[in-house]
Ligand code: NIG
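Presented below, as structure tokens, is a lone chain in the form predicted alone.
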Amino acid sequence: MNKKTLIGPFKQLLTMTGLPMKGPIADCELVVLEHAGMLVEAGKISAIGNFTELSEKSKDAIVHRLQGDHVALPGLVDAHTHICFAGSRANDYAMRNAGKSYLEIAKAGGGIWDTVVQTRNASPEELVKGIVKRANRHLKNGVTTLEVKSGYGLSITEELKMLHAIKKAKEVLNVDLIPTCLAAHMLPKDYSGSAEAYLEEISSVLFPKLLEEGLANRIDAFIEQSAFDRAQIRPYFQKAKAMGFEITVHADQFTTGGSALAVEFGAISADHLEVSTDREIELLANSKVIATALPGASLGLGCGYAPARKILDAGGALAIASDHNPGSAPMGDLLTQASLLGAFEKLTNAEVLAGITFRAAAALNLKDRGQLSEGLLADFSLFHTNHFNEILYNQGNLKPCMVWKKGELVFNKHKG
């Protein structure tokens, strides 16, 4: 028999329900419950309402009574990360800030290939250890669902090593890991054939293994001059779709074209979008593709943000993710990055919070989280404050004091 747990009272509980998937959201549209309680059973929310009334109706429940003021938010969803890697690219960061170009850094031994070499040299155990360490840091920052990409292996064997490491890490973590295959990150320097031949090999050999071993049901590709163009990726995506994979795209980071391909293939999301123009924004807004802004990459590279305000005003669905990776986005703090994006792009608090909760869940095609409502996963974070506006106002400096995953308390700041 599953135990019932009553948690509360919360000073405020933001349900993030009743809000549109696309377009702008005003702060006045947020559903904010005062003196609320949450009844949890079998990892899901069985009721939300007035704490006193729930106490009277659920006398058989175990009560987790909170002391002081707490604001409850749905567990954050980080829909785009690269936290499976080895090594550091601190030298790249220093060179970039000193004015060196991407090509100059690559010629000096930096860039993506540097991480590929270090990741290939790492043992599976080292990769698992790194994933667990970074994922737990995200969890303490309120992230209860975390997408993780491969893409630093760039061969059949090494991509499998990465995806097995992600699967292994998932077994020991309280945060949900959503694996994505990014074997089309760039053409490996040690591959003797053409880009077309490499993609054909990956899709013919690796794709079936992903399905057989349950390693990933999502395929990503980097559409960029330094990686693959649309003509090269089109057959790759065609095969992925035919095999039942979901598609996501690294799009419009330095040049446009990727978001158009994302719309063409009905991708779940198009991520980056720093250089998207009005044409790309219109395409995305008139599609079901979730536009995912990655402010961490803008901060890491010192470039402009994705046009988040324009995307929303055009009627698009905006998610916000950290892009946590060793090269362009080493910070990996979703709440800080989302707060800064909100300030620079003039997003309402409701739009920012939607972008890291239910709209981010949609970017992973997950319908059981991102909101606090009966029947959904009991994933939520508590902030020791008396008003939800304080969370973004502190720009990531106000961290969760408790994090709950599937109804279990998995992080308590007061207990280490």
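The first residue of the sequence shown is number 1, and the count goes up from there. Note that the coordinates shown come from a computational prediction; the quantities given were computed from them, not determined experimentally.
We do not show the form predicted in complex with the ligand, though everything after this point is about it.
With the ligand left out of view, the stretch that reaches within 4.5 Å of it through heavy atoms in the predicted bound form is, among 323-331, 310-318, 165-173, 284-292, 323-331. Y102 is the sole member of F265, Y102, Y191, F344 with a non-hydrogen atom within 4.5 Å of the ligand in the predicted bound form. A single residue from the set L73, V143, L273, I112 has any heavy atom within 4.5 angstroms of the ligand in the predicted bound form; that residue is I112. In the predicted bound form, the ligand stays beyond 4.5 Å of every heavy atom belonging to S269. Although the partner is absent here, S339 is not a contact residue: none of its heavy atoms lies within 4.5 angstroms of the ligand in the predicted bound form. The ligand in the predicted bound form comes within 4.5 Å of a heavy atom belonging to R89. The ligand in the predicted bound form is approached by Q253, whose closest heavy atom lies within 4.5 angstroms of it. Contact annotation for 343-378: no residue has a non-hydrogen atom within 4.5 angstroms of the ligand in the predicted bound form.
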